[in-house]
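In structure tokens, one chain follows: the form predicted alone.
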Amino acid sequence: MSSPRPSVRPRNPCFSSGPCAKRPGWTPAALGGALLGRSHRSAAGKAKLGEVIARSRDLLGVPADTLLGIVPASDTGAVEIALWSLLGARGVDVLAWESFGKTWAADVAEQLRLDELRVLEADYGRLPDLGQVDFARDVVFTWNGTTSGVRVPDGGWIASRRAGLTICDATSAAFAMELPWDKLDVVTWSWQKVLGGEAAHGMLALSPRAVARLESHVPPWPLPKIFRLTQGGKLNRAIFEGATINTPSMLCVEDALDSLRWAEELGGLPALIAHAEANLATVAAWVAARPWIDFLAEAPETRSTTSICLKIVDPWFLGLGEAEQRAAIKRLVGLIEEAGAGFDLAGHRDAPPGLRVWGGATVAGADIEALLPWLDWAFEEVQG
């Protein structure tokens, strides 16, 4: 006999891993101060952009000598700018354990066509052998695998003294996990993840070592305009002072400012981290009590607190072919969506068939608690 259908729904049923849930209490009124119909290059426009940079710096604890700027095309644009602008001076190690890391590896191999490339790979659910990374080379990696729910546990594996640059895609880690800024030369993220902001804008942090590379190394390939960080062989510092390479949405800028102010009022980075960790703990306790589901991340210390990825381990499900498994997942999440109890819960299309629940700080703990019984109910319904 199946369990009764739950009676309590999350107040906010949005659990997407990007764009993520808006901060609690958000309404369009939060955008009332947006600088609409004005140039982003005006003094007022640059002040708004500069405020995003300053508040982000303060909230994340970005070192004073690290430059921080707003760039086009979300986190993807920020990563691509870094790869195309900085690589080629020495060999490269790319770490790939989920779809985005594999994308960066493919870009370096197929678009930049670097010969001195090593790709250190691992299957979904695992990390590659971090001890094999060569820090005499440039190193490209994601801090948190958004599509696998696997993160590096800390920065202890990164060499403090290194010849190469460390280029870190931190889009689902920034504002939710501690980042060792002294060990990271390039860090990228977007507003649409932990802050629950709108899409299309990325942020790029450059250490003094990264700036020195930009001013001493000329890539052998042509750079599109939106990738160019230098002028006349020198860094274009205006990008890191409130100017942008292309036209930003001032509506999205206002939304980012609202998110940053909310995060400050919540208690800053420690509060954001604690909230995400509490959400993971809630899911972990639920998983531990159920034989049909488990984390995709095999090692507990590598479990993401934001993109919480789950796999179904029930013998019935494991006995299905992959196409049947994906169909079962589609039906499971469809039942929950039809009930208005949770949206966008299927795992990423490139990941093994499974579930993914965003647990960042914009997701209320009570909403995570309310969602979990719906997962139990929907699994029993699909299993029949």
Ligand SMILES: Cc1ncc(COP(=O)(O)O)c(C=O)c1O
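Keep in mind it's a predicted model, so treat the numbers as computed, not measured. Heads up: residue numbers just count along the shown sequence, starting at 1.
In what follows, reference is made to the form predicted together with this ligand, a form of this protein that is not presented.
Remark: all three candidate residues (100, 104 and 190) come within 4.5 Å of this ligand in the predicted complex, counting heavy atoms only. Of the residues 207, 282, 76, 302, just one reaches this ligand in the predicted complex with a heavy atom at 4.5 Å or closer; this is 76. In summary, among the residues 169, 93, 185, 255, the only one with a non-hydrogen atom within 4.5 Å of this ligand in the predicted complex is 169. Shown alone here, residue 259 lies farther than 4.5 Å from this ligand in the predicted complex, counting heavy atoms only. This ligand in the predicted complex is not approached by residue 148, whose heavy atoms all lie more than 4.5 angstroms from it.
Across the options 241-249, 265-273, 67-75, 219-227, residues that bring heavy atoms within 4.5 Å of this ligand in the predicted complex belong to 67-75. For the stretch 127-144, the set of residues having any non-hydrogen atom within 4.5 angstroms of this ligand in the predicted complex comprises 142, 144, in sequence order.
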